[in-house]
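Before any questions on how it binds or moves, here is one chain, the form predicted alone, in structure tokens.
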Amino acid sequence: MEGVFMSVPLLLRHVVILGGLFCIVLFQGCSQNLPVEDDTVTIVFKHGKIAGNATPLELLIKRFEAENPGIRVKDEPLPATTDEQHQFYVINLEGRSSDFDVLSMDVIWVQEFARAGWLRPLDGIFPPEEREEFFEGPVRAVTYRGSVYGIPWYIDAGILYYRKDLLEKYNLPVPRTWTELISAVRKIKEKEDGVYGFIWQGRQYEGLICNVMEYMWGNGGGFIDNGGFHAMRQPNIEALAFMRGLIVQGITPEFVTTSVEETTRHIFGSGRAIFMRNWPYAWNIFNRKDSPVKGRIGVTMLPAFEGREPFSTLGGWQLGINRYSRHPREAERFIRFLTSYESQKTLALTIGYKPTRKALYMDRDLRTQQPFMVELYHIFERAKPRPLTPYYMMISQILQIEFSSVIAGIKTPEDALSAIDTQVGYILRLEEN
């Protein structure tokens, strides 16, 4: 029996040895199929959802990856509304999240985010000599206490759309002053049934502030006077009174007090208005093949009051880097790519984003395909930012309420501006401390 069967201890020892050899072989075999880690870095890009076709941006990202083999970009769009985007950033950046690297910011957020310490300074990749290649307004907006915290990606400013066919039909000039615009509306409405005169964004939201500031600046007013904040100024009183008067006189329909960009864009785009204040994005839509106003519209600078110069409110988006990003160098390369001449040109031709680089307005391809770019250059040169302060979002809530009360006929301009002086003055004193 002993010659046939091994002892139990000896048998167990052989099982252990064989089992070990089996595990070694199995491990080696499996290890050959395990993925080998490479040096590729993935950065996350957060930005607002693109209206329309997002493919051009996706293709640009693929091109960046091809030119930078060690970097992958995860594109994560946020909701289209700026309020939701702002809320996302505040919650995540306050929590020191490193889940995203590059963020697209509204022009009014940079000061707030920079003061909070949520952004990396970008002076190293956006030196003073390169800033000269961009419009002045956006560069001012990304500058906080001497450092830049973003690179302007694309620019916006308020512009006047007009029915070119109707002005030509009644031999009327493109209005340069508000007096000329009112005169044109009255003459055309006498002959044309079912059209509104001048429509704009009057709902209680950020867009209303953009509209109001343009009237104030176009009347020689504004909030900054001799280096200090002063809302109660005669040009501001006159501007607000004028806006309310447009509604009272029927130049502007009453429903404008509830209108936003898309409301006015649909009305004007259906041929039911003579003039409209809006942003440049609407131009591409109005010139689609199925557009009722295709070939019948023009764009120009917003009117000013008699003897004054016109200005537009600066809008647009900037690219910054999350202070808590684990891959800041790769993020810098991506931002440099997206704000380059070629990338901005691509996005202008495909999506309609207006470049922040001034030289692109002389680009032959852009001028051929989008001839109104020539007019936009001069508008963007004169675009002015809203008050540059880290507390702008708090100030905005005050301005929205007070401006809306005037537009709706609830308050006088004097009462609203007095309230603004008191409340905003208190907030700005907090910043000084």
Ligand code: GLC
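Here the structure is a predicted model, which means the values were calculated and not measured. Definition used throughout: the rigid core is the maximal C-alpha set that superposes within 1.5 Å between two forms. Start at 1 and count along the sequence shown; that's the residue number.
What comes next is about the form predicted together with alpha-D-glucopyranose (GLC), which does not appear here.
Checking E112, E330, D363, D106 against alpha-D-glucopyranose (GLC) in the model of the complex, a heavy atom within 4.5 Å turns up for just one residue: D106. This chain is displayed alone, yet in the model of the complex one of F88, F255, Y205, Y341 has a heavy atom within 4.5 Å of alpha-D-glucopyranose (GLC); that residue is Y205. Site residues T82, E261 and W279 are all in contact with alpha-D-glucopyranose (GLC) in the model of the complex, judged by any heavy atom within 4.5 Å. The stretch among 207-215, 143-151, 71-79, 164-172 whose residues place heavy atoms within 4.5 Å of alpha-D-glucopyranose (GLC) in the model of the complex is 207-215.
Shown alone here, D156 lies within 4.5 Å of alpha-D-glucopyranose (GLC) in the model of the complex, counting heavy atoms only. In the model of the complex, R386 approaches alpha-D-glucopyranose (GLC) with a heavy atom inside 4.5 Å. Using a 4.5 Å cutoff between non-hydrogen atoms, G137 does not count as a contact of alpha-D-glucopyranose (GLC) in the model of the complex. Looking at W317, you'd find a heavy atom of it within 4.5 angstroms of alpha-D-glucopyranose (GLC) in the model of the complex. Here K49 counts as shifted, since its C-alpha moves by at least 2 Å between this form and the one not shown after the core is aligned. In a rigid-core overlay of the protein, S104 has its C-alpha displaced by at least 2 Å between this form and the one not shown.
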